[in-house]
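Below sits a lone chain in structure tokens, taken as the form predicted on its own.
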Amino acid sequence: MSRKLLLVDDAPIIRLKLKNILQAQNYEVVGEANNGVEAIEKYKELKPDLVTMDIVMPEKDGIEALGDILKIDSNAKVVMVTAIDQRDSLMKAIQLGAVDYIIKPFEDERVIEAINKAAG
């Protein structure tokens, strides 16, 4: 079962909240990144089973990073994390190959549901 996670968000508090929720479910957070460029580097280095990816970030947004990660690994499992007003970007991410999404501010249960589904 997929257990190693990479958390990508430019807000440290969001990464911390996700980390706390997921570690309580026995997921191992192997890395964190705060922009898309870092996300790609860490993905190549850590080869996580799953990635949570914010959409709006500096340097390279989550949509671009998702596309780049899927070029590196077509089987990558990426769950997008987004604010409710980013519906167009979210649809683009799903079309690109994101496996699920979480809307901020998120509920613990929704995070667990999305990650378990993606890890499935």
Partner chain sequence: MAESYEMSDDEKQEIIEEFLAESDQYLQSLNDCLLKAEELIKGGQTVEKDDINLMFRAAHTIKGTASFIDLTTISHLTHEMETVLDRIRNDQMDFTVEAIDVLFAAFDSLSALLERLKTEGDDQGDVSESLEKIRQILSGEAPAAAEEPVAAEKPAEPAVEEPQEVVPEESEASSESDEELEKYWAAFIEDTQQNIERFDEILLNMEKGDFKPDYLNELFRISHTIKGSSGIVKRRDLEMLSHKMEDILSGMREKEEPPAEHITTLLFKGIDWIKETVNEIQSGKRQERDPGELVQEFEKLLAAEAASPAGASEVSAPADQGQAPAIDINALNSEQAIKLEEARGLKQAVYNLTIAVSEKCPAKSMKAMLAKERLSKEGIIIAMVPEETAIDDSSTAKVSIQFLYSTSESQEGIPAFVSIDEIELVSLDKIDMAEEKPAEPAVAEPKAAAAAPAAAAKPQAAQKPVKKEAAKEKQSKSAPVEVTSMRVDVRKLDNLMNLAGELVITRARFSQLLLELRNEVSSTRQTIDKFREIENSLMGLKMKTAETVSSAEANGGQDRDELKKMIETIGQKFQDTSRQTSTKLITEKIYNMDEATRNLEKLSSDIQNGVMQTRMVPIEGVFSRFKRLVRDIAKEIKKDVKLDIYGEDTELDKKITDELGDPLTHMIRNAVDHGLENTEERKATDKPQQGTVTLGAMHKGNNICIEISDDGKGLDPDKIANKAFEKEIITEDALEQMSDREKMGLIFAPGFSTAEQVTGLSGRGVGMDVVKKMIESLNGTVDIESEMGQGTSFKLKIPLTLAIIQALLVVIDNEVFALPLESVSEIVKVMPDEVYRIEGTATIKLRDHTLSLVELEKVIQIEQKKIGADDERRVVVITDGENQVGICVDELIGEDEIVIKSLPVHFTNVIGISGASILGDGRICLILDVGAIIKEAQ
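Residue numbers count along the first chain shown, from 1. All figures in this text were calculated on a predicted structure; none of them were measured in a lab.
Below, we turn to the form predicted in complex with its partner chain, even though it does not appear here.
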* Asked: Taking heavy atoms and a 4.5 Å cut-off, does Leu90 contact its partner chain in the predicted complex?
  -> yes
* Going by a heavy atom distance of 4.5 Å, is Arg3 a contact of its partner chain in the predicted complex? -> no
* Distance check, Asn26 to its partner chain in the predicted complex, heavy atom within 4.5 Å -> no
* Val37: touches its partner chain in the predicted complex, heavy atom cutoff 4.5 angstroms -> no
* Asked: For the spot marked by Ala33, Glu41 and Lys44, is every residue within 4.5 Å of its partner chain in the predicted complex through some heavy atom?
  -> no
* Which residues within 88 to 103 place at least one heavy atom within 4.5 Å of its partner chain in the predicted complex? -> Leu90, Met91, Ile94, Gln95, Leu96, Gly97, Ala98, Val99, Asp100, Tyr101
